[in-house]
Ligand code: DC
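Single chain ahead, by itself, as structure tokens, in the form predicted alone.
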């Protein structure tokens, strides 16, 4: 029996990494909702659209397509933007555009429609609380800000993106505040979500911990 798995948590807590590992193990499909907001953020930066104005965002969204390749790539209007959406500038803009009700309403409806067929691992910040409140499994990943900054630093180095560890830590603290204090769908743990602190865990250890929660639900 296919189910939906919701993974929430702050930036760089390991959501997308664990979601991808689960998809490999379960042969499920991964829907990176954060990448969708990043795509909108990238388009705002490129077009200069005023994200504070509903009319401007309505026009932008109606003329935007977001797709995922089988290999995990992200396409914005047909262009592979997998790397372009991962810069620190786009991370902060994604946090800004995600506060807009019109943006969240548009993307949440799209995410819910995609997940109707079940068999999805969806990660983000409001999956268990807003997007998939009826998900059969809800996971909330957390990690210390020091651990998350180090992970983001190494991730950026691997992608060839220049960054500063101290600045990354400061940006994560700011992002956490924005995400938990925004009016529309703030980051918070669903009452029935299981929290896992990944600070001192390897990817395999976190994946195994989640699989131990998921497998009984597949019977």
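If you're wondering where the values come from, they're calculated on a predicted model, not measured in any experiment. Numbering follows the first chain given and starts at 1.
Omitted from view is the form predicted in complex with this ligand, to which the following refers.
Only one of 151, 30, 43, 182 comes within 4.5 Å of this ligand in the predicted bound form through a heavy atom, and that residue is 182.
The stretch among 113-121, 143-151, 74-82, 126-134 whose residues place heavy atoms within 4.5 Å of this ligand in the predicted bound form is 126-134. Under a 4.5 angstroms non-hydrogen atom cutoff, this ligand in the predicted bound form has residue 95 among its neighbouring residues.
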